[in-house]
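A single chain comes next, written as structure tokens; it is the form predicted alone.
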Amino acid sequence: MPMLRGFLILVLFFLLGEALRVLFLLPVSGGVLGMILMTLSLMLRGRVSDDLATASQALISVLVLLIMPGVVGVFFLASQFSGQWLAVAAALLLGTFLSVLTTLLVMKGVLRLSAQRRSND
């Protein structure tokens, strides 16, 4: 039952993001808007519920399957990228580098905060 409640929370945030996208005609996917809203609500709350953590762990194990449709879609749109491969490759490389750099900085910050909390206890 906790996993079901967690999935319900995730779907509700997704639907809320989709509703905002349609309502305000935003050029961002509803999933991204839902993730931003969920992140803000978790930051305000200060913790992640057990239900949401359980559902998230289950999704992480199939993350590749969630990404696959977007990757496959690129092959069907390959003709539209003709003449723009350099820009696409540069965007992919820069995006990957920035993602790895951001992850590194966040992880360093989390480890620093964790070490401070342990030293204060």
Partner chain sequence: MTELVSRFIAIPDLLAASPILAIGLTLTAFFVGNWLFARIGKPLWMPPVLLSAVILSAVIAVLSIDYVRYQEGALWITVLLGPATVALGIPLYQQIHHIRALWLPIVVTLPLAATMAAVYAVVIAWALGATPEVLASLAPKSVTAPIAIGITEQLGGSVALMMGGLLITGVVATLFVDLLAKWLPVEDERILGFALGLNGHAIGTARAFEISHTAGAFSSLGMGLTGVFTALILPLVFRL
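Numbering follows the first chain given and starts at 1. Computed from a predicted model, the values in this text were never measured in an experiment. Only the largest set of C-alpha atoms that superpose within 1.5 Å between the two forms is called the rigid core.
Missing here is the form predicted in complex with its partner chain; even so, the following discussion is about that form.
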- prompt: Does Leu23 reach its partner chain in the predicted complex if we count a contact as any heavy atom within 4.5 Å?
  reply: no
- prompt: Taking heavy atoms and a 4.5 Å cut-off, does Ser114 contact its partner chain in the predicted complex?
  reply: yes
- prompt: With a 4.5 Å heavy atom cut-off, would you call Ala19 a contact of its partner chain in the predicted complex?
  reply: no
field: Partner contacts in the predicted complex for 77-109 (non-hydrogen atom within 4.5 angstroms of its partner chain)
entry: Leu77, Phe81, Gln84, Trp85, Leu86, Ala87, Val88, Ala90, Ala91, Leu92, Leu93, Leu94, Gly95, Thr96, Phe97, Leu98, Ser99, Val100, Leu101, Thr102, Thr103, Leu104, Leu105, Val106, Met107, Lys108
field: C-alpha of Gly46 off by 2 Å or more between the shown form and the other one on rigid core
entry: no
- prompt: Would the C-alpha of Val106 be classed as shifted by 2 Å or more between the shown form and the other one after rigid-core alignment?
  reply: yes
- prompt: Rigid core fitted, is the C-alpha displacement of Ala115 between the shown form and the other one 2 Å or more?
  reply: yes
